[in-house]
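The chain below stands alone and is given in structure tokens; this is the form predicted alone.
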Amino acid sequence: MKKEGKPISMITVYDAAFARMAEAAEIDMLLVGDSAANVMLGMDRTAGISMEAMCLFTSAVKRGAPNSYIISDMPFGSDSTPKSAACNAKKFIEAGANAVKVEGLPLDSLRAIIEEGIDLVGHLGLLPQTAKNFKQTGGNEEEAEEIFEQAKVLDSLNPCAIVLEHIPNTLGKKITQATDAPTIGIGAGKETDGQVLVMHDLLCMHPFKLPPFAKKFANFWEAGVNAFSDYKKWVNEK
């Protein structure tokens, strides 16, 4: 995917119903995120979700949004060797994905995926699968330089996009200017080529505090609780 000047919109989706909404809204890219572990399955960390579950979510999204560009997150451990990375990436394509996203820079595994002719999306900065905390990364010169160098290496593999999570705005801009692949920011500033948000944050589908980089566009939590409450009153009255 080339940089064309038009900002890229990406959101996470996990089922057919919301994928159908996203396609109707003409969202550019749909990410079947391993954040499903948290928002759909109630797990504490993204690392807890399995390939089987991720493929199930992917196939549901494909059925709901058959004409959209769908990216599936490679779950923790699924890319631990080049062989397993290629095998699991192919499973996602069979489930309906157009590309897979890999956290970090496991070069041999990334190359194995690309050699299968599968579109690759990179992910640098904060890496939720292995992070010890969820604070911003790249804040000091050493960390920033490391992420920048990783981005250049990743860019040399010709990925279709690079997700940059929770890094300083200045670093997001620097990487965007230095890479050919479009950058998709989530807490990386407005100078990236696009933005991604977790659907449950975007729609405020939970009562929890939003991450500092998330933006709320609706309040499904309040609307849903009120609707369920009204339903209960209706049942009790009739």
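Note that residue numbering follows the sequence shown and begins at 1. If you're wondering where the values come from, they're calculated on a predicted model, not measured in any experiment.
Form predicted in complex with a small molecule: not shown, discussed below.
Go through 179, 35, 68, 192 and name the one with a heavy atom inside 4.5 Å of the small molecule in the model of the complex. If I apply the 4.5 Å criterion carefully, the residue I get is 35.
Which of these residues, 175, 61, 31, 188, gets a heavy atom within 4.5 Å of the small molecule in the model of the complex? None of the other options qualify; the answer is 31.
Of 146-154, 77-85, 106-114, 161-169, which is the one stretch near the small molecule in the model of the complex, taking non-hydrogen atoms within 4.5 angstroms as near? One stretch meets the cut-off, namely 161-169.
So in the model of the complex, does any heavy atom of residue 27 sit within 4.5 Å of the small molecule? Outside the cut-off, so no.
Touches the small molecule in the model of the complex: residue 196 (any heavy atom, 4.5 Å): Heavy-atom contact with the small molecule at 4.5 Å: present for residue 196.
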